[in-house]
Ligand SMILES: Cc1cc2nc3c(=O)[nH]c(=O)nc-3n(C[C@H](O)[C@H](O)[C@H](O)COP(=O)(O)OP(=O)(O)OC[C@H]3O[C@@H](n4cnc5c(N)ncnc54)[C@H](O)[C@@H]3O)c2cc1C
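Let's start with one chain on its own, the form predicted alone, as structure tokens.
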Amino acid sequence: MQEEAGVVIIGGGIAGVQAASLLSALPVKLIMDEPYLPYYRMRIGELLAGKEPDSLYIHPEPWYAEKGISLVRGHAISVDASKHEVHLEDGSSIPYSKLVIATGSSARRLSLPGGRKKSYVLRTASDAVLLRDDLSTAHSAAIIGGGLLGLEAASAIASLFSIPVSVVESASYILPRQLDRDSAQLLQEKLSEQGVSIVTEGAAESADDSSLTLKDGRQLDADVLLFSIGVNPAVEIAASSGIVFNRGIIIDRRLRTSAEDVYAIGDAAELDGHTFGLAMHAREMGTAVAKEILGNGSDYVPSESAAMLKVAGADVSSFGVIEGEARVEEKDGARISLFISGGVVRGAVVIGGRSAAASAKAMIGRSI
């Protein structure tokens, strides 16, 4: 008897699970290539504190059965669009009527000379567990990349393992895409109090098993070396299947790829030259593709990006465009920077409470 062809979703991240949850009236198969149930990837730093991966699960295992979602363990390697089949690494195939590619992204690494045997990224739960084990005996750590994840990791490592942590950032201050220079300096001071040293305008030259050498000659202690230099959309399945891709898998406003009945969402997708890396967009796209498959879709318009994180114990929120005239005020224990252009608030940075962040976000687009 031929297997029933329903909706197949490749990838168990937020985008894939969101789509599956809204398509449960149809036969749905969710293909996952990790040893765990789908989990909140942005929370994997909690595993460094000793939590186990099951504490991060989006839903418990019975939920999937209740929703009629079949979980398939395996690694999808190609798509035969003419036969409407997904081929797995173990040689098996899964038929589909509609296919959603939600393969996410992979962490970048640098290839450094110097003979270092081991380095880490922090992209999956398995990465976090391995990193935690090595940190338990380390005396120092260095992180290449001063972005959101790099700083969150630095703060967590310094606090949890009581070891000095160096963060190497290529820009002249941390989080240049999310923060203004003054807000970044305030955050850097908070990190310094935790034992995190920030090295700006730095570039890695080489690494051995105990240190990292920068191109300007500075040497940093690094029993553990972590790369946090961004991600690459996971386009391998498109490349092996004749589906058009650039940096990400090219989609139109209905989330359709170049292959009939094949969609792409989340970090793996590219729309109008832009790729996505935020959970908010993953959820939006998961919802949008489900509506499209169910026949009541509309053009997908991404929400304006917003970054909200906690670093060195401080809530940091960033909205809109961080450029133009800066107006700074202190309110209810929070530091609020509004960025004004043409008499209109275009962006905001808030260091402090979430209520202040909500108020600042509501100001975006207002005349002032």
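In case it trips you up, residue 1 is the first one in the sequence shown, and so on. Predicted model only: the values in this text are computed from it and were never measured.
Form predicted together with this ligand: not shown, discussed below.
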*Just one of 209-217, 180-188, 294-302, 279-287 has residues with a heavy atom within 4.5 Å of this ligand in the predicted bound form, so point it out.*
279-287
_Using a 4.5 angstroms cut-off on non-hydrogen atoms, would residue 158 count as touching this ligand in the predicted bound form?_
no
*Quick one: is residue 104 in contact with this ligand in the predicted bound form, heavy atoms, 4.5 Å cut-off?*
yes
*Determine whether any heavy atom of residue 29 comes within 4.5 Å of a heavy atom of this ligand in the predicted bound form, and answer yes or no.*
no
*asked:* How about residue 243 - does it come within 4.5 Å of this ligand in the predicted bound form, if we only consider non-hydrogen atoms?
replied: no
_If the cut-off is 4.5 angstroms on heavy atoms, which of these, 196, 237, 271, 175, is the one near this ligand in the predicted bound form?_
237
*Which one, 76, 94, 251, 259, lies within 4.5 Å of this ligand in the predicted bound form by heavy atoms?*
76
_Stretch 145-170 - residues with a heavy atom within 4.5 Å of this ligand in the predicted bound form_ = 149
